[in-house]
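Single chain ahead, by itself, as structure tokens, in the form predicted alone.
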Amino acid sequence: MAFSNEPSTRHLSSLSDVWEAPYWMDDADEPQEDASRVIGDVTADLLIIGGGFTGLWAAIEGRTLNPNLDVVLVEATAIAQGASGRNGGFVAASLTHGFSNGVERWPGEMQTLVKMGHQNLDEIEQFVREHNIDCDWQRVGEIDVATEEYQVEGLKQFVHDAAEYGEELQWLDQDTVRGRLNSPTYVGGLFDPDSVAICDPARLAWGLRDVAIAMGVRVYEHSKIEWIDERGTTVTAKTQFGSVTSPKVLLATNAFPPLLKRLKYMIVPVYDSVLVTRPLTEEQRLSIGWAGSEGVSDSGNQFHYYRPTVDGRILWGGYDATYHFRSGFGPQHEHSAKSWPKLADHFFTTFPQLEGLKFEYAWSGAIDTCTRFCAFWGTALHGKAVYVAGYTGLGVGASRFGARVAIDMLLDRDTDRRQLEMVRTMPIPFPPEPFRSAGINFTRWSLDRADHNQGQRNLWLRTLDRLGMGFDS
């Protein structure tokens, strides 16, 4: 069945008690003492702008490669208050925003990308274990469920296609998938047992922050960079109360308004919404099963992602990817009166046996999307600055790979990663307004129409496919 794109009032009561903030941030273990602000003039060997997962992994990578490298990381707010603490906590091996996207764009190196992705996920898991990062890490895999018959053959074929590139997937028929997670909407499912972990992403970010500081990285929070300026052999980044000057700079600002003009056409912020329920009763949990605690997503163009939490809740997000005119960004977009009721409707359509369950948390957060749906890299300021952006979701895992490539570029390291076509090419830019907004909204309408028409893509979507462009989250 296709989910309705129009919110109803039927389940508004389930939202009556929500706290409009990320579930992950309601944590007694959140660091109470923020790192100091940039005051006065600071110098460094490497400046990292952005304290999300990319910036944190880059700081750790830089110090690992050169323990004498003076690394300064500057964050506009506080660690985990941006996208790092607003996602669903899925950590995927995919570096290309899914296997299909990678095969379509880089078929000749997809086997290498799959291998690198799995190695990256394994190394993240090893890092978490070695450094005792308490982030509820679980390597549980993921199920892509079919909710309409037309999706079944595509998922079945995917088992064979992915096997050629080293991915081992399992097809689950209707009875088997409902036996694992009981929903009347499921007609089949594709289980990936090893390529996805789930975690508490805020705790992961705080853990990486602690490791970076222990390694000697200087972390400054609440220090928004207002502008950057090339000065001879160095770059100076100006904050409200001071500046940081360095010969090498990594721009890792995700969906935040970019500091380079060129990036305004390469990425756009889109807002994704998430709900988290109250803890389920034992009876409610038994009614749905889910003994394996797998991550789940459905197979429409507009898809939901969901997972259990360690305290017995269900996190339920996705479907809408909302763009605001002129790349609108800020806290005014973190409340979604339209998306939250729609998500609630879809939740109870998927799990009607949970009717009456209330949601306790609701939030929306920005994702940096690009037209190829996965990270890209580039240089600026005569090579003194490197940027990485455009993850389009699934960035919790891919950000480590993105950070390592960026550090390779900044330190001029000749690695296999740098030779990838994926790393050496750029996505097609988005058009300027008003064409950008019109194109994105028409694409969203077309995707919804395809979801309600047996997956049939109209001329607009087929044209975008041929051009290697699109819109996703």
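This structure is a prediction, so every number in the text was calculated from the model and none was measured. Start at 1 and count along the sequence shown; that's the residue number.
The form predicted in complex with a small molecule is left out here; the points below concern that form.
- The small molecule is not drawn, but in the predicted bound form it has a heavy atom within 4.5 Å of Y391.
- Contact check for K224: a heavy atom falls within 4.5 Å of the small molecule in the predicted bound form.
- Among heavy atoms of F359, none comes within 4.5 Å of the small molecule in the predicted bound form.
- At a distance threshold of 4.5 angstroms between non-hydrogen atoms, D272 is in contact with the small molecule in the predicted bound form.
- Residue Y305 is the only one of Y305, F191, F376, F347 with a heavy atom lying within 4.5 Å of the small molecule in the predicted bound form.
- Checked against the small molecule in the predicted bound form, the residues G102, G365, G141, G117 give one hit for a heavy atom within 4.5 Å, which is G365.
- Figure note: of the listed segments 149 to 157, 178 to 186, 245 to 253, 117 to 125, the one touching the small molecule in the predicted bound form, with heavy atoms no more than 4.5 Å away, is 245 to 253.
- Annotated contacts: N5, P7 and V276 are all free of the small molecule in the predicted bound form [non-hydrogen atom within 4.5 angstroms].
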